[in-house]
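Single chain ahead, written as structure tokens, the form predicted alone.
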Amino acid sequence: MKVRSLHRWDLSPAEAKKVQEQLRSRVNSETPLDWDRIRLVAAADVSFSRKSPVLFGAVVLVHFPELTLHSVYYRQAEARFPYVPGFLSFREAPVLLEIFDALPVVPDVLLCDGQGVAHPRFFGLASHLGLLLDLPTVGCAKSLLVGEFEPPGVEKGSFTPIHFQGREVGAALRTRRGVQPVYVSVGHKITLPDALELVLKCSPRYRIPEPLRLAHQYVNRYRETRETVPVE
């Protein structure tokens, strides 16, 4: 699939901040998802060791609504950007973009283990990848990065808005009764209600949506395999 070229990648954190501030106005949070056309859901995840500059990326494609595995694609690459909070996409996106660039099929929607507009500059990993790939993209994070919210009800499907700097940037969503919520935000080309519905439809049994759960499992297995050095 085609990957857009929107900026250089050899950037300092100060330059990356300017890119986020320039691109955030291009995020589309008003286009409803065309549910009749959703057949393949992609999920992306990256695994790494703080002791190594190597990043391991995986993109999982899952049939929708069955949530059965379609295919998995991997890539490893050396990080070109430091680990700096708020700039995750500049570190992780390049290895994922290499995978997307080689995909033989185009997914209909993408789930990211990270933030969309629920970000200090309203431009997290999900928004960045969404713009680069021109795909409907959802950020679904396990922890809150910015903003405040009231605890949602205990029942599955309960949610409350996340507010940051006077703006609604996402929602805390209960995907299982009584478990901690996940934090959902628009990445690109989707509305928040549709993003919440997608996460719920992809979470039949676990707190984490099934495509993201699979991506996490597969990328960690891939990393373990690639990091294993045979004993002489």
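Since we're looking at a predicted model, the values are computed, not measured. Note that residue numbering follows the sequence shown and begins at 1.
Here the subject shifts to the form predicted in complex with the DNA, a form of this protein not shown in this document.
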property	result
Heavy atom contact within 4.5 Å of the DNA in the predicted complex, the stretch among 95 to 103, 158 to 166, 71 to 79, 119 to 127	119 to 127
Any non-hydrogen atom of P107 within 4.5 angstroms of the DNA in the predicted complex	no
Contact label in the predicted complex: R213 to the DNA, heavy atom within 4.5 Å	no
Proximity of S29 to the DNA in the predicted complex, heavy atoms at 4.5 Å	no
The DNA contact at F64 in the predicted complex, heavy atom, 4.5 Å	no
Contacts with the DNA in the predicted complex - residues in 103 to 117 whose heavy atoms fall within 4.5 Å	D113, G114, Q115
